[in-house]
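Given as structure tokens, the chain that follows is alone and in the form predicted on its own.
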């Protein structure tokens, strides 16, 4: 179904508003974080690269904000329920240096993207297209891998510290995403039976298993043990 047909269901509409609100605030928070992390960059080129990524995140935020307004929702109100979860995650996982910031941008954002891609499979065609578009890699994936692997090659001891850091990020990200889903009735209902073919709670468990598996592969790409 497209949005016009799917949104006739009030519960589905509420779920999509929640989803877009969560995504929008996530993109805004990512913009702020990348802009802040740029201060830790060791070179001007690295600083410019992070600024470019931050700009892409803000553009994604604008698309989500505009879509919420287009469907008659107040963007700030839609984002508000997710401020505490996102801000809590970022407070608990503030990087202490440049490399930790890169791992966080790569690992943390990728976990969130994996989760939203899983949800997107259950969305109407219009909303799915928008969600997938704003989940496009802003370029920090390859950039982070290159920089982190180079740092580990230069000093192998860095790998152990960053591996522990990435495991902490994984735990915090999964904990926050599960809490958000549990707190939002419409969103949790959509997860166990969306507009497309519904799926049961066992499938939700398998979904988180797939997210964990993808995380393990990303850790390997970074040269870190999961």
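All figures in this text were calculated on a predicted structure; none of them were measured in a lab. Numbering follows the first chain given and starts at 1.
One more form of this protein should be noted, the form predicted together with another copy of the chain, which is absent from this view; the next part is about it.
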For residue 65, is any heavy atom within 4.5 Å of another copy of the chain in the predicted bound form, or not?
-> yes
Does any heavy atom of residue 54 come within 4.5 Å of a heavy atom of another copy of the chain in the predicted bound form?
-> yes
Does another copy of the chain come within 4.5 Å of any heavy atom of residue 157 in the predicted bound form?
-> no
Determine whether any heavy atom of residue 28 comes within 4.5 Å of a heavy atom of another copy of the chain in the predicted bound form, and answer yes or no.
-> yes
If you check 145, 83, 129, 151 against another copy of the chain in the predicted bound form, which one has a heavy atom within 4.5 Å?
-> 83
Name the single residue among 168, 59, 161, 179 that comes within 4.5 Å of another copy of the chain in the predicted bound form, judging by heavy atoms.
-> 59
Non-hydrogen atom within 4.5 Å of another copy of the chain in the predicted bound form for each of 117, 124 and 133 = no
What residues, if any, in 66 to 80 have a non-hydrogen atom within 4.5 angstroms of another copy of the chain in the predicted bound form?
-> 76, 79, 80
